[in-house]
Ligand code: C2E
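Shown below, as structure tokens, is a lone chain in the form predicted alone; questions about how it binds or moves come after it.
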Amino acid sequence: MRLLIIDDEEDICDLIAEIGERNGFQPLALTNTENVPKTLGEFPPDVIIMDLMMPGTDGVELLRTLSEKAKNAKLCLISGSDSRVLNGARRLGSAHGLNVVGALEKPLSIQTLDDFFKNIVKSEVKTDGEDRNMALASGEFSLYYQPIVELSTRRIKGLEALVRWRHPDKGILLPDAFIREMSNEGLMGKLTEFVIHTSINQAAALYHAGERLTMAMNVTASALLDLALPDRISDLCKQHNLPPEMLNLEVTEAEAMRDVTRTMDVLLRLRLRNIGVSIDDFGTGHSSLSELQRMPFSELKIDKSFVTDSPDNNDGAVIAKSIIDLAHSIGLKVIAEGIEDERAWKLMCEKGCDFAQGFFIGRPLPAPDLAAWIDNWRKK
């Protein structure tokens, strides 16, 4: 993979390039910004590591340039500024549509850079269109289920269904390896139908086995514009003899606000059928408070960027608390995503969050492993 390094300090460029090469990257370093547009054309990078403070320009200007010329690259921001500036730039990059995968504070450690590159290599699995079409036809996609628990009681609230691709040669692939391409190829409709049918089938199996667990499933922007979606889900619930209140559809903040009127039509009709609706990744989109109040959401999920680092990042903790209070004030329950350790769990408890989800509680599991996890959790 091609690695573009943008930093005015040559020794930092050399360090990043050396560790990048060690991990199989082809590096190119720029110590000024004049040649960035030309270089992006001649050396289209897979990964960009960029300092926010460069002579003659600043990171905000560079983010605009990258959003026009390098939208498909994975971007890591580095800076010696305080963490608030770095986190603000990260959110701005995401708002520009850039794939911001990291934000590292200087001074950079060799171990931090090595871990960063290893994670990139691990996630960068290439598939082609024929693979994806064949996978849908041959049943290579499956769902894993991540538990959601109530913070105050530790009671299991429910599960979130997460799609995985069991590739015959490359193993289990996460959505980052195929979702964007499937969307570009017009395959998301078929994948969404698979997720809906499989989730409802699993929810019904749990319900009829005596488990009263909600099942959350993610739907895309295109699904939200499908006026037949509420009736289709309601009919599936009837076929499986499953109470519709056992289901919860999750939509990202950005997708929900793409076409507010039509989205509201679909979401309201879902709620009239007693199907829950969550706004996912809250804090990363552009919704106004008036739009949030108008939408018939029943739950709000705080984006993990405000949760995972909150024990060490006071700004993130303050934002999380503000979101929790806002949601409660308009009658929404709140789920904190990204609970990775006990400190984050305790902090979200202190902030009054209702539910939690993350590796500290449980990793996504295939359906056959759910019963053992549920039994083990209830014995704790």
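Numbering starts at 1 and follows the sequence shown. Nothing here was measured: the structure is a model prediction, and the numbers come from that model.
Keep in mind that the form predicted in complex with the named molecule is missing from the display, and what follows is about it.
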Inset, instruction - Using the partner position in the model of the complex, report whether Pro311 sits within 4.5 Å of the named molecule, counting heavy atoms only. - result: no
Legend entry - Gly80 within 4.5 Å of the named molecule in the model of the complex, heavy atoms: no
Inset, instruction - Evaluate Glu340 for contact with the named molecule in the model of the complex, applying a 4.5 angstroms cut-off between non-hydrogen atoms, and reply yes or no. - result: yes
Inset, instruction - May I ask you to check whether Gln146 falls inside a 4.5 Å heavy atom distance of the named molecule in the model of the complex? - result: yes
Inset, instruction - Could you work out which of Leu98, Ala135, Ile179, Ile120 is the residue within 4.5 angstroms of the named molecule in the model of the complex, going by heavy atoms? - result: Ile179
Inset, instruction - Could you check which residue among Lys106, Arg271, His240, Arg164 gets a heavy atom within 4.5 Å of the named molecule in the model of the complex? - result: Arg164
Inset, instruction - Mind telling me which stretch in 88-96, 260-268, 219-227, 201-209 gets its heavy atoms within 4.5 Å of the named molecule in the model of the complex? - result: 219-227
Legend entry - Contacts with the named molecule in the model of the complex - residues in 348-380 whose heavy atoms fall within 4.5 Å: Gly358, Phe359, Pro364
